[in-house]
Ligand SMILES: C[S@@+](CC[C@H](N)C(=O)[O-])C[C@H]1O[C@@H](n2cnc3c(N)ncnc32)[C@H](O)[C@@H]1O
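As structure tokens, one chain now follows by itself in the form predicted alone.
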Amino acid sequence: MPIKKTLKDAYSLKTPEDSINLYKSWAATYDNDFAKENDYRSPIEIAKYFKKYSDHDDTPILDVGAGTGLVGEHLNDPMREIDAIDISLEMLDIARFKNCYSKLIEADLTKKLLINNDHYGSIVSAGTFTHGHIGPDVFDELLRVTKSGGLFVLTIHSKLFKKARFDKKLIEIKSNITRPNFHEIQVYGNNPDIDHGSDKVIITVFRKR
């Protein structure tokens, strides 16, 4: 019987190869033994704030670190094209069967993406800017592939906002973005983990100038 994966496994990742290996073995059970069991709130909150801030021009949407498609499920809107990008082919294979994405892109977000400049009307992301995953320098590439005026709605783990210099990055790119709006939320509705059950994320919202 496979060993159940936990947040400890996810937060201990060091390299893109670590991510590929973890999510390869976790993909099939991720939705049930992680998202559902812990009442993982970030995807539904991202969808809620996207709907709050978006307009009809914010399309197509790129779901960054889409995983099994939890954000896509909540954003599912026949009027908007949504693409998913993730390093894990196995996670994307789960997302495929949810029929909420127009395109699935397997890619390492820490490298240059094979996406044209100014292509997407918005970027959404839940659970990607966190412990052991990707850092703030990815913003540069995401801005490149986003249209002028494009909307960003992202979760950033609250404990990493300053520690990993997300705050400094937002200042560095301030001439290229509107002033961000921040909303702090609880990540889980039902997670007994003594170390991470009360984790919070900062939903960060801005537009590319």
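Values in this document were obtained by computation on a predicted structure and should not be read as measured data. When you see a residue number, it is the position in the sequence shown, counting from 1.
The same protein has a further form, the form predicted in complex with the named molecule, not shown here; the description that follows concerns it.
Residue-level contact is defined here as any heavy atom of the residue lying within 4.5 Å of the named molecule in the model of the complex; does Gly197 satisfy this criterion?
No, Gly197 stays farther than 4.5 Å from the named molecule in the model of the complex.
Taking heavy atoms only, is Phe161 within 4.5 angstroms of the named molecule in the model of the complex?
Close contact is absent here: in the model of the complex, Phe161 is far from the named molecule, nothing within 4.5 Å, heavy atoms only.
In the model of the complex, does Asp118 have a heavy atom within 4.5 Å of the named molecule?
Asp118: no, not in contact with the named molecule in the model of the complex.
Residue-level contact is defined here as any heavy atom of the residue lying within 4.5 Å of the named molecule in the model of the complex; does Ala84 satisfy this criterion?
Judged by the heavy-atom cut-off of 4.5 Å, Ala84 is well away from the named molecule in the model of the complex.
Quick one: from Tyr49, Phe152, Phe166, Tyr30, grab the residue that has a heavy atom within 4.5 Å of the named molecule in the model of the complex.
Contact check passes for Tyr30.
Specify the contacting stretch among 52-60, 38-46, 139-147, 175-183, defined as having any heavy atom within 4.5 Å of the named molecule in the model of the complex.
It is the stretch 38-46.
Counting only non-hydrogen atoms and a 4.5 Å threshold, tell me whether Leu75, Ile156 and Phe206 all contact the named molecule in the model of the complex.
Heavy-atom distance to the named molecule in the model of the complex: none of the three under 4.5 Å.
Could you run down 94-108 and flag each residue that has a heavy atom within 4.5 Å of the named molecule in the model of the complex?
Sequence-ordered list: Ala107, Asp108.
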